[in-house]
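Below are two forms of the same protein chain, given as structure tokens: structure 1, then structure 2.
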Structure 1
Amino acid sequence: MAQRRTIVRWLLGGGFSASIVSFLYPAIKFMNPPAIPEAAVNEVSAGKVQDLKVNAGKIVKFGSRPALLIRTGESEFRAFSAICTHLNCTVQYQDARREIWCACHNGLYDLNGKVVSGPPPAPLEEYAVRVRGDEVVLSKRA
């Protein structure tokens, strides 16, 4: 008798737990956002040379992410991912100091993308810049 009761209890308990799991599993999977395939962007046009003054910077779209293009000289450009390596803010060019600055926690990078001061743990990813005719082109470094 007691044995039968134990078996019934296990069956009931097991069935109940199984149904809970079968509710939870799809729900949890549902919460996890599906990966949206991103067209791998390796090269973007960043506009005309004359649109950017010397010693100025601007944010351009690199796929779905921001990149920072800086004109350091008459025909010299530098480009980095504009995403701060600390906590993801978007950096900006500071012409007076000739540095890259992140407003969120005062992170400073030099014109090679290296961290000068502040909390960022790693340098900014650098992109290659070419001038094609009067067009500036950014591309991922191999």
Structure 2
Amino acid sequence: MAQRRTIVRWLLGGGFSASIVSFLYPAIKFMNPPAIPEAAVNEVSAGKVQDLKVNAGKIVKFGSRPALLIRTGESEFRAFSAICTHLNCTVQYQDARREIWCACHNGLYDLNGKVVSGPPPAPLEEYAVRVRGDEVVLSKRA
């Protein structure tokens, strides 16, 4: 009789333990997803030259991150990471003030990507801009 009780306790305890593990395992896997390597992108087409007006900005995808392309003159372009160095918000170009602005905490950058005011601790990462025919191409700086 004592052996039957021991077997029943083991079965119930094992079933209870298996239930707890079956609930916890998916939750733990959800909170700690596997690392997925990002495809390395060194160069991206940002569109046609005629599509961007002088003193205008445009957000383009650079791999999985946004980039900000600004046309400062007839044949002059500047490009930066569109990720603010403060809290990773997306920045935008303000043509009236000729500045790059982060709406999260009113951070301002100049057209060289340097911090003018606000909480950003570092300048924006700058990308190289080349014009190939009628296409604007952004690439990482060496």
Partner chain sequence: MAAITEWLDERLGWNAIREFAAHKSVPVHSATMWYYFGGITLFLFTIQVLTGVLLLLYYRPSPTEAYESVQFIVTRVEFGWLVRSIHSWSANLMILSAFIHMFSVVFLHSYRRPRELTWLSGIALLGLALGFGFSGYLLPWNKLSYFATKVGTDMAGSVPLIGHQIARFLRGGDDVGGGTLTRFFGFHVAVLPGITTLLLVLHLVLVQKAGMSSPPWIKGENLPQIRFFPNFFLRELMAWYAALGVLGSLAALFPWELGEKADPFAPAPAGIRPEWYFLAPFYTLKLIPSHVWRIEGELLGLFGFGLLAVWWVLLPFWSADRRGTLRQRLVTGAGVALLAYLATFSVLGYLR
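Numbers given to residues start at 1 and step along the sequence of structure 1. So that the term is clear: the rigid core is the largest set of C-alpha atoms that superpose within 1.5 Å between two forms. Computed from a predicted structure; not experimentally measured.
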**Complete:** Matching the form predicted in complex with its partner chain against both blocks gives structure 1
**Request:** Could you tell me the angle, in degrees, through which the smaller rigid part rotates relative to the larger one between the two structures?
**Result:** 53
**Complete:** Shift of the Cα of residue 28 between the two structures with the rigid core overlaid, in Å, rounds to 3.8
**Item:** Cα displacement of residue 14 between the two structures, once the rigid core is superposed (Å)
**Value:** 16.1
